[in-house]
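Form predicted alone, single chain, as structure tokens, below.
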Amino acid sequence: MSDWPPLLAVFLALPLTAAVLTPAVCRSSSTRGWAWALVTMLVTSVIGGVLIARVATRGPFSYVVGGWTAPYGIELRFDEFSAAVAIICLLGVLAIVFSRRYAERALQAERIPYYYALLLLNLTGMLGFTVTGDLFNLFVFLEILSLSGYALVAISGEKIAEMAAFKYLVMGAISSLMVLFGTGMLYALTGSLNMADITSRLAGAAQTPLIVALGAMTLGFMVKAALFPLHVWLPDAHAIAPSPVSAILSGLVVKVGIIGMLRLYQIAYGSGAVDLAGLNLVLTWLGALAIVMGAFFAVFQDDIKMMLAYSTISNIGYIVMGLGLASTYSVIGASVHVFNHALIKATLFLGAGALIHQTGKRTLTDLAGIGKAMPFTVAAISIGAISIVGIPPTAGFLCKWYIALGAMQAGHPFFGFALVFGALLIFIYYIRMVNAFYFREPRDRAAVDVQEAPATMLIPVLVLATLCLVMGVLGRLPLTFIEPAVERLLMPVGGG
């Protein structure tokens, strides 16, 4: 184990403690609640930066809570995949900045401290899920982020929000039970919950219970990721939630299912105890289906946030198809898309939130001609749109290029065509959006006679749009972490 100081534990304890204290510290002032949450995430981000620098220079490291080693202790593990905390911290900070003026109008004053408390809890759950080294705490952090996510969807108190949150809760509870069932099965097979320990003990395990365990956990994680046709909870939840929450849910929370899958792959490939070829084939087909169906449904949406929600289903398909193809290029492309899609979708959801905040309208029909009144916001949304299509040199290009190369590398060029067909559908519905904003005459001129969004809302949108361009030019930056992690992941099965 590493002699690295307990900074990894502080990294999780800080936002968790701040979340618990938020209602008490900030109940009399929404501004104080905003500042409290922002400072907490800024400090957490600095610690995350130190941890990422450490893994970049010295490789993966661990911290054992209380000094109890596996299989009895709680291990926090920071490897290259854990560098995903960078995007969690970045979007967390920007979503909180955006919330300053947005929450004051969208939420009742007495709910605002609880909004920030739930945001911090949700971010803590994702950070913990990314760095935990054992399966039980993986489940615990999964529950923290899930329960806080349900509450955030419903926090406006509107009937439609409560219905969306209930649907999300029901599907989330089913997926959590599947993950818990699989965790219990693996414990029964190995006598350990530590992931590294499980990997070393699985060799020679009985195949049937092992396949059932991995299958249950995969199903649970795919529900969390909203993979088609397990996506039914996502459109309403993402469209109805407050826009900063939509950005977090679409950019980050659905990726928890993907990170969970990567952890399962580390166990399965590392142990060599089970052949995942059949599972990978199923995931590849489901991913291809999700790409097409998500984009198809998005084409017919007039509600801008509903369109973005279906776009998320399509893009989760790209990631899952990349994992299922299981070639070096495809897994690299899928892993990069986890990062880049978070940037892009946060740009789009926060941009949409700014439009809705200023106009009170949310359909393309009602927002026609808004480009002249809010040029910076609409420009940022347009950058996000061309980026999600995958047009070079934006952030969306590199990951889809790698997945297409991976399809060829895996000997399945058909799935490369599915990727291109999906991109064409995505191009159609984003062209509809850009056309409405810039080139259609307003249906109601009074509705678009508005000013640009306040600085605290506009700046996060512009920062994210700029990053969509920067990460297209500096596309190899995330590969610094992802390439060695993928090579190590696939090495036991002849990849890398």
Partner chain sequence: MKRALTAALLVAVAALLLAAVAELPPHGSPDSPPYTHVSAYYLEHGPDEAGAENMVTNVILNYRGFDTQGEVTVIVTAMLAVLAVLLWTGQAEGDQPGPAPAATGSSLVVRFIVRVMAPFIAVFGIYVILHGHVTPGGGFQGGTMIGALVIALTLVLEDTRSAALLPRRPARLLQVAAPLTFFGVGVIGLVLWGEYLYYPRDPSSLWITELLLLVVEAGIGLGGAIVIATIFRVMGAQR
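The shown structure was predicted, so the numbers you read here are calculated from the model rather than taken from an experiment. Numbering follows the first chain given and starts at 1.
Beyond the structure shown, there is the form predicted in complex with its partner chain, which is absent from this document and is the topic of what follows.
S.K.: Which one of these stretches, 355-363, 146-154, 239-247, 78-86, sits within 4.5 Å of its partner chain in the predicted complex when only heavy atoms are counted?
M.R.: Heavy atoms within 4.5 Å of its partner chain in the predicted complex occur in 146-154.
S.K.: I'd like to check something about L469: if you look in the predicted complex, is any of its heavy atoms closer than or equal to 4.5 Å to a heavy atom of its partner chain?
M.R.: Flag for L469 set to no.
S.K.: Please tell me whether any heavy atom belonging to A188 falls inside 4.5 Å of a heavy atom of its partner chain, as the geometry stands in the predicted complex.
M.R.: Heavy-atom contact with its partner chain at 4.5 Å: present for A188.
S.K.: Is Y72 a contact residue for its partner chain in the predicted complex, using a 4.5 Å heavy atom cut-off?
M.R.: Taking the distances in the predicted complex, the answer for Y72 is yes, it comes within 4.5 Å of its partner chain.
S.K.: Taking its partner chain as it sits in the predicted complex, is A13 near enough to touch it, meaning that at least one heavy atom pair lies within 4.5 angstroms?
M.R.: A13 belongs to the contact set for its partner chain.
S.K.: With its partner chain left out of view, choose which of E110, D275, D302, E104 has a non-hydrogen atom within 4.5 angstroms of it in the predicted complex.
M.R.: Partner contact (heavy atom, 4.5 Å) among the options: E110.
S.K.: State the residue from Y310, F141, F339, W233 whose non-hydrogen atoms include one within 4.5 Å of its partner chain in the predicted complex.
M.R.: Filtering the options by heavy-atom distance leaves F141.
S.K.: At 4.5 Å by heavy atoms, is each residue in L21, W68 and D134 next to its partner chain in the predicted complex?
M.R.: Verified in the predicted complex; spot residues all in contact, yes.
S.K.: At 4.5 Å, heavy atom to heavy atom, what parts of 191-223 sit next to its partner chain in the predicted complex? List them in sequence order, or say none.
M.R.: Stretch hits, in order: G191, S192, L193, D197, R201, A206, Q207, T208, P209, V212.
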